[in-house]
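In the form predicted on its own, a lone chain appears below as structure tokens.
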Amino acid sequence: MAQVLVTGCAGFIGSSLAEALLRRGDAVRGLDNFETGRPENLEAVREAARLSGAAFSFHPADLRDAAAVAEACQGVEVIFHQAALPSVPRSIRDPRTSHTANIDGTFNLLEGARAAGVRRVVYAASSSAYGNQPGFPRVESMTPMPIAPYPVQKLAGELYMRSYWQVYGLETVALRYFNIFGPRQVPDSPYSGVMARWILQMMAAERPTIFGNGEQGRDFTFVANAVAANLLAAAAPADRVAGRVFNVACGERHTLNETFAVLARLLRFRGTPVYTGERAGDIQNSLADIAAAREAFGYQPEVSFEQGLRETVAWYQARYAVRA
């Protein structure tokens, strides 16, 4: 049983990860400032701790507070760094705030981990680092070409991870997430992910908006697959993963039009989407090669695209039915 720290523990990925760690018996320390995370996401985390008997403690702290971060790192073996301000549009509108959260916060965490003797940091990186360069599927050996401030910041975090492995011997693994979706994703923010936002709109009989013509494709990845990748990457031998970057996805491409059609069928929505102009900084297409993660630590997507959509729709229907 290990003592682990999950940053962004009240977010939809962080809370799902913390829940899985507790279910297997790990002692989990959570850290979040609730800027994008939500207190209600911790309900399932605390329930998992109660059922498993594993210890869970929560630190309401901001990654920009170096002293608080250093304290949270004490006595920890592995850190799962999920916390971020994860929005391209937000980073374009307010680059300074996202910079301090995503770059300064990551630096503070690495310094806290180094001082505390943490063994490994697993970092939530972003596939947006690839940008809109030609060539599919995306392979980790490609030269990053980020466009908006957010992917630049996440790429800087990757480089910091590699540096702390090479210079200080802190084991680090960066996982480039491709369009993660699933339960607990915030549906009603201007910066919400497309799945969550569309589901809530369709439940309310509102027409979702598609930026562009809808033929741009995404490698949509259910949150359980990202959780599994984190657990595997944390347990893998250092000589296979330390200082490296891995894609985490399903290795499939689904267009926004196709995704809308599946959601409309599941929700029995008979309307059509509203098409509007493309947004600045958006990635036009994404498709991952996941061979490196498979070979290094046995990653294999456990939940398919359609199954993930069914589980996600069911969760939002149960949670937001009265509101809709």
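Sequential numbering from 1, following the sequence displayed. Small disclaimer: the values here were computed from a predicted structure and weren't measured.
Not pictured, yet referred to below: the form predicted in complex with a small molecule.
Student: Within 4.5 Å of the small molecule in the predicted bound form - does that hold for a heavy atom of every one of Ser15, Asn33 and Phe107?
Tutor: No.
Student: Between the options Thr100, Thr209, Gln166, Asn132, which residue brings a heavy atom to within 4.5 Å of the small molecule in the predicted bound form?
Tutor: Looking at Thr100, Thr209, Gln166, Asn132 one by one, just Thr209 meets the 4.5 Å heavy-atom criterion.
Student: Ok, Arg184, Arg120, His81, Arg218: which has a heavy atom sitting within 4.5 Å of the small molecule in the predicted bound form?
Tutor: After the contact test, the surviving option is Arg218.
Student: Could you tell me which stretch in 47-55, 281-289, 25-33, 60-68 has residues with non-hydrogen atoms within 4.5 Å of the small molecule in the predicted bound form?
Tutor: One stretch meets the cut-off, namely 281-289.
Student: Would Phe246 sit within 4.5 Å of the small molecule in the predicted bound form, counting heavy atoms only?
Tutor: Outside the cut-off, so no.
Student: Going by a heavy atom distance of 4.5 Å, is Thr172 a contact of the small molecule in the predicted bound form?
Tutor: No.
Student: Within 4.5 Å, heavy atoms only: does Leu256 come near the small molecule in the predicted bound form?
Tutor: Residue-level check for Leu256: yes, a contact with the small molecule.
Student: Gly112 versus the small molecule, in the predicted bound form: is there a non-hydrogen atom within 4.5 Å?
Tutor: Output for Gly112 is no: heavy atoms all beyond 4.5 Å of the small molecule.
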